[in-house]
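Next up: just one chain, as structure tokens, the form predicted alone.
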């Protein structure tokens, strides 16, 4: 039941690593009013609190001795619409990919490259999720959140969110304080800014068209249908990433490191095939490629290991604890630092 708090809730089915831990208290809510009712209850006021969506970016290393709140507010409202643009206000509890699917069907452009990313809308600004040359900060206008310190609702603009690569104010100054309630996105209608030049996305789309007896070269880039881009993204992701229903995992475990141009050029001499993408801070190198060069792809350690198709993904083979998976990640980070001189960091929220 909505807003009802239960004791000692098993969280195995509420985290995609499928780690078997418990929450001291747990509740599921569908509105900010229900959330406020729970948080104002003196029984839970001083307890640690954890807000979750689909549990896809969390690694539990122990039981949570506080209140876990699952947000399930999943509305989509059109705050503004004209011939060229649309502004959506979206509940934090909605599945992110359900939102992308909805927008592609409606012809709203801007997030199609972010198809098939796990998690909820509320989790997206925390990480500033990104894929195939697109990031959430490209389309966010405002984020509404509840401050756990004063239990007041605040609205924060894109600029004040301090978005960076897999980073935001919600991972820094507001970490542990902000409960994101809804997100406002500015999307396009009619003419879209198509992005195909990151990774193998263009090649994947070309193969899809070849199978249909068409050529990608015969279609103007800004006229490529959004649903074709979404299909290409999904096929490309699923060719590399394991399904949560098959193997417990949290998607990409590590951030792609950003190095200086000088450091990248030095590494390029040693690794001529070293991939890299220019970003504002320097050159971004795929962490999966780095980890693979260090020999970790497909390796197992006890009940966990590195996925055999994508070295960026750590997997639970059935009975791993969160501590086992964390230990594996620590060993990989140390090995990469020792062999290549690059410090990689977790993207996953380790609790």
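Definition used throughout: the rigid core is the maximal C-alpha set that superposes within 1.5 Å between two forms. Everything quoted here is computed from the prediction, not taken from an experiment. Numbering follows the first chain given and starts at 1.
A second form of this protein, the form predicted together with a small molecule, is not displayed here; the remarks below concern that form.
Stretch-level contact analysis of 253 to 261, 218 to 226, 184 to 192, 75 to 83 against the small molecule in the model of the complex, using heavy atoms and a 4.5 Å limit, identifies 253 to 261. In the model of the complex, the small molecule sits beyond 4.5 Å of every heavy atom of residue 304. Interface residue remark: residue 277 is counted as part of the site for the small molecule in the model of the complex, having a heavy atom within 4.5 Å. The shortest heavy atom separation between residue 130 and the small molecule in the model of the complex is within 4.5 Å.
Looking at residue 292, you'd find a heavy atom of it within 4.5 angstroms of the small molecule in the model of the complex. Only one of 315, 311, 29, 67 lies close to the small molecule in the model of the complex, with a heavy atom inside 4.5 Å, and it is 311.
Think of it this way: in the model of the complex, the small molecule has a heavy atom of just one of 158, 204, 230, 237 within 4.5 Å, and the residue is 237. Core-superposed comparison between this form and the one not shown: CA of residue 172 displaced by less than 2 Å.
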